[in-house]
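This document opens with one chain alone, in structure tokens, the form predicted on its own.
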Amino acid sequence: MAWDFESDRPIYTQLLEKIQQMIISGKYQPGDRLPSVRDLSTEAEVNPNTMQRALQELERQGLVYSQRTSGRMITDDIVLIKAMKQKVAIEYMKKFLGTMKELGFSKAEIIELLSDMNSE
């Protein structure tokens, strides 16, 4: 099944974010072997070169590393994965809070809405 992409952002950036999310959410566990570039690009229905570019960036970030004979592996560095998860969560929260403030909600109203939703 093809992955969903937004037309207003580069595909490789969205691939990077999608695989990053799979890692930090636990779909890919520390030490797991990633599918090959060809398999991932087929699944996402993108050019293998585009997928390769996204995977190289994940390697640069340290979330993925290459093993000569085994392909790409997910890092065993749980601290790094947790830090990346925290970073992504903060980015989502900033977007959310920005949108809520644009809608005219105060900090207290936002907290109240979140509290009400949490108690449901």
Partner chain sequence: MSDFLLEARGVSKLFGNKTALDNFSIRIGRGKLVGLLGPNGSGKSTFIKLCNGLLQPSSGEILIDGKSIGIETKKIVSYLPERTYLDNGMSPKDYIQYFSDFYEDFDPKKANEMLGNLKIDPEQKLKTMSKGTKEKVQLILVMSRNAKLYLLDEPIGGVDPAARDYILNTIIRNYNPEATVVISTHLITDIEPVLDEAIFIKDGQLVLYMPVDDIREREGKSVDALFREVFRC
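Note that this is a predicted model, so its numbers are computed, not measured. Positions refer to the first chain, counted from 1.
What follows is about the form predicted in complex with the partner chain, which we do not show.
- Contact annotation: of the candidates 61, 49, 86, 66, the single residue with a non-hydrogen atom within 4.5 angstroms of the partner chain in the model of the complex is 49.
- At a distance of at most 4.5 angstroms from the partner chain in the model of the complex, none of the three residues 56, 74 and 77 contributes a non-hydrogen atom.
- With a 4.5 Å cutoff on heavy atoms, residue 101 does not count as touching the partner chain in the model of the complex; it lies far away.
- Although the partner is absent from this view, residue 38 contacts the partner chain in the model of the complex, with a non-hydrogen atom inside 4.5 angstroms.
- Contact check for residue 7: a non-hydrogen atom falls within 4.5 Å of the partner chain in the model of the complex.
- Using a 4.5 Å cutoff between non-hydrogen atoms, residue 32 does not count as a contact of the partner chain in the model of the complex.
- Note on the interface: of 21-29, 8-16, 92-100, 108-116, the segment with non-hydrogen atoms within 4.5 angstroms of the partner chain in the model of the complex is 8-16.
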